[in-house]
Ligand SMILES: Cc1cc2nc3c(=O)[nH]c(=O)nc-3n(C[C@H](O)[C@H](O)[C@H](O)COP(=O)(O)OP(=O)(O)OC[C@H]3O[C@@H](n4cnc5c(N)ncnc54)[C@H](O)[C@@H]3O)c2cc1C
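Single chain ahead, by itself, as structure tokens, in the form predicted alone.
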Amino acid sequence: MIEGFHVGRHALREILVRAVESSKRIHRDLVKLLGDDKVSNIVTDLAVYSHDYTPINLHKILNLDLETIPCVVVWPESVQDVVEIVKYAYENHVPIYPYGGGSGVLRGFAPEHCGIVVDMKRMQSISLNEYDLTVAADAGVYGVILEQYLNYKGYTLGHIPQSLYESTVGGWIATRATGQFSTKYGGIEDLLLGIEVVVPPGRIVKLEPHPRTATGPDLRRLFIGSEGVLGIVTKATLKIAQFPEKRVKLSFATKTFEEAFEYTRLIIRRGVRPAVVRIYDRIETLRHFYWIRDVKDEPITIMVIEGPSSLVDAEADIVKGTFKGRELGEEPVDYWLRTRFVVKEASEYAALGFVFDTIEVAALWSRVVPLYREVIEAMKRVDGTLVASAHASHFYPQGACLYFTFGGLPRAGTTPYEYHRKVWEAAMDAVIRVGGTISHHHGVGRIRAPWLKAEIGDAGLELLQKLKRAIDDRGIMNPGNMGL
């Protein structure tokens, strides 16, 4: 295993140069295997691929405190290229870090031990099967490209994460992603029918798409949420739906956050599936809908119902008859649709020393409201916290996802990283205490790894570790991620 690098603020250039020096042999070997247009070890490329979108990384970049740097970046163009890369890494004990859009927010991608970054974005093929209602896409296809292509053909995937413009098909599977329209269309685990993965020592595992299969444990599921620690996803076959014929947009104001939850619970349990449901607490209502004059102290709920016209009309009638809040019309929904991909706040405030992050969790209905209260109070108790808020954004007959936001200024003598860690500790401990799950759709990464055992238990973690060793016996696949 190659010794890791740690980039400090006083020696950034020197250590980047060292990384380049140490990577010369790997670079030379990979150029022989793949060709020089698919391999790079120039300093700017190594710096770009040293981190993902994790918000605390903004402080590391601004303070030149980056802790990670790869040795080489490669851009495979075929599954055979990926096989050759994995074979080389296995034979030479070199770590591999799969890379999609780099939009992860939990340091699931962090080349701690130098190694090879495998950027999948040159694998871009898309194949539509209109009769079977499926689409096969290479791992490197951007989400927005896939969705626009399907829309042009009269279909939708219905998988619209906030990272749609940055994330890729392979990244969605690796992180067990879900999208803003998930209450109707489901998460990536509901859409995946077939998968192709390259695992150590360089073998292709190909699981064909079927509407359902009972051939033992479903190996597809093994790779959903595996975060690059078992193999590299190269292709997936996904379910698609016909582009919605009609869309109805509704919004409501309620006296309390809890009241909105109860109306939504009653709607979902009746079998109605709005594509989008988002309930904002008072602080997030003020943050997102400050321009609506008369609802500043009332939580707002927005909904999008879409599909065949007759079904949409029937579902809208049930929603209006069940949700007792004050109707606000389409304007709040239109505003959300226009701004839903804007994520500039973290980068705007980091330069001022402000630490900002989000934490998504989930729980059964009976625990959702206690979970909201406990996590908000836990985050507020951390010295330096200036704001702690939440909205709910994914709903099921049995429960819902809560998406928390916190921000604060570290007190004198406290680093941004210490403050950030304390808030995460407070929030995760509260989730475990209430009985929620520590992650709904962002995954585990290196940030949540300390709490994985508390959620899945000793036996569960031991099984996961055994699976990791059985598939990746030399520990080359994203070592350290998820604590594995």
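Since the structure is predicted, the reported quantities are computational estimates derived from the model, not experimental observations. Throughout, we count residues from 1 along the sequence that is shown.
The same protein has a further form, the form predicted in complex with the ligand, not shown here; the description that follows concerns it.
Site status for the ligand after superposition of its pose in the predicted complex: open, or blocked by 3 or more ligand atoms within 2.4 Å of backbone or C-beta atoms? Open, per the superposed partner pose.
Candidate from I359, V135, C401, V105 lying within 4.5 Å of the ligand in the predicted complex - any heavy atom: Selected option: V105.
Have a look at T264, T285, S167, T237 for me and say which one sits with a heavy atom within 4.5 Å of the ligand in the predicted complex. The residue from T264, T285, S167, T237 that makes the contact is S167.
Does T156 reach the ligand in the predicted complex if we count a contact as any heavy atom within 4.5 Å? It does not: once the ligand is placed as it appears in the predicted complex, T156 has no heavy atom within 4.5 Å of it.
How about W424: is it within 4.5 Å of the ligand in the predicted complex, going by heavy atoms? Judged by the heavy-atom cut-off of 4.5 Å, W424 is well away from the ligand in the predicted complex.
Classify H442 as contacting or not contacting the ligand in the predicted complex by the rule of any non-hydrogen atom within 4.5 angstroms, answering yes or no. Contact check for H442: yes, within 4.5 Å of the ligand in the predicted complex.
Given that the partner is absent here, does E306 sit within 4.5 Å of the ligand in the predicted complex, heavy atoms only? So E306 does not count as contacting the ligand.
Exactly one stretch in 156-164, 324-332, 238-246, 251-259 has heavy atoms within 4.5 Å of the ligand in the predicted complex; which is it? Within 4.5 Å of the partner lies stretch 156-164.
Does anything in 97-133 come within 4.5 Å of the ligand in the predicted complex by heavy atoms, and if so which residues, in order? The stretch 97-133, when checked against the ligand in the predicted complex, contributes P98, Y99, G100, G101, G102, S103, G104, V105, G108, F109, M120 at the 4.5 Å heavy-atom cut-off.
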